[in-house]
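So this first bit is one chain, no partners, the form predicted on its own, shown in structure tokens.
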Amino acid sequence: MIVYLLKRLILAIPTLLIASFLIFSLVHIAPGDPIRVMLGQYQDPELIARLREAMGLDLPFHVQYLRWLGKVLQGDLGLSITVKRGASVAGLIAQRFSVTVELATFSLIIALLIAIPTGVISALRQNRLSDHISRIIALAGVSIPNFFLGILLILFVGVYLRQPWGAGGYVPFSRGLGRNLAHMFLPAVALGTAYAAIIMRMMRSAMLDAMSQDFVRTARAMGIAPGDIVRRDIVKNALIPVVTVIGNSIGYLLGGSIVTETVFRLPGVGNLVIMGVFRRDFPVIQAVVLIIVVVRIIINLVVDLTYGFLDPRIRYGGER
């Protein structure tokens, strides 16, 4: 496992280099000039030229990229140009990252609490009424965009029911755990519903596949209790492909939080990206997207290592 881990870490290096180049390129290709945004109505050409020179924005593209990459390798993500002028991008992300992590974690918990039991029940009661209802709900969950569901939740809970925690906003832990969780509940539901539907469908399919395997028929022939077969054999084997979906969902939750945080006015990293895009703050956009890529790589590695714990037959090195 150590050799496998080292190989994956080495392969992550070119992946990050390619990702960093694409991020930097796409951000700079996009229309808009952060200097003009920063100056607002005062568009003096001479001042714009001096500021571009001072910030290195007048240098050739490859020189700008190498300078930025060199600073990133030293742990310097740069300074904000327009979101919070002169502030450390790393500091801005650190202030908001906990909100995004809390939202993603809460969303994943809600998704798993809905998806795993529903998927198991749906597979065990295949083609019955509960199975059909579960599949219809899963299709609706996948089809409804999370931002639209978020707006509906705000209208129902915040406007119709007049609940203060239903109108969006954020309350930190320091002001009470209950109030914090109340304000995070609707965003987590809006963000986690779609992933609950995806995980539920995968869990159902994996359960049905595991139920048709020879070891399940052998266990039944040996007289093992059906509940033990489901718990020890079927569910455990069905979780292997589901873990992959869960791992990918964590990465998507971080990306999906961008829209959800905007709808519910949460001061997270996603909201910071939106501000950076509207204000053409290149360092902010580049840093946040690069961090999301790093998190995705780490999650994929953890998912691969988890396979060995779920299925001892898996050997890292291409053998099984």
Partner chain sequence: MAWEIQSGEYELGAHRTLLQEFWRNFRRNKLSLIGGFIVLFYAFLAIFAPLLAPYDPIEQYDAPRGMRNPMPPLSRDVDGRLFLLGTDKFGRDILSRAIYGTRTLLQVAVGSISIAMLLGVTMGAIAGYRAGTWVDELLMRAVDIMLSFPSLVLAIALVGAFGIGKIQIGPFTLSNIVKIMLVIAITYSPRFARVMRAVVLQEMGKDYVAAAKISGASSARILLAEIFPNTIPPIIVQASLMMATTVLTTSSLSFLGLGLQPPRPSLGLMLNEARDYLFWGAWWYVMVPGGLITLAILGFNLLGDGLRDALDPRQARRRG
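Just so it is clear, the structure is predicted and the values come from calculations on it, not from any experiment. Residue numbers count along the first chain shown, from 1.
Absent from the display: the form predicted together with its partner chain. The rest refers to it.
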- [ ] Could you tell me if all three of 147, 154 and 158 have a heavy atom no more than 4.5 Å from its partner chain in the predicted complex?
- [x] yes
TODO: Counting only non-hydrogen atoms, choose the one of 100-108, 170-178, 200-208, 71-79 that falls within 4.5 Å of its partner chain in the predicted complex.
DONE: 200-208
Task: Exercise: residue 135 in contact with its partner chain in the predicted complex, heavy atom 4.5 Å - done: yes
- [ ] Would you check, heavy atoms only and a 4.5 Å threshold, whether residue 22 touches its partner chain in the predicted complex?
- [x] yes
Open item on the list: Please determine whether residue 287 contacts its partner chain in the predicted complex, using a 4.5 Å cut-off between heavy atoms.
Closed with: no
Task: 4.5 Å heavy atom contact, residue 18 and its partner chain in the predicted complex - done: yes
Open item on the list: Quick check on this chain: which one of 59, 274, 47, 66 has a heavy atom within 4.5 Å of its partner chain in the predicted complex?
Closed with: 274
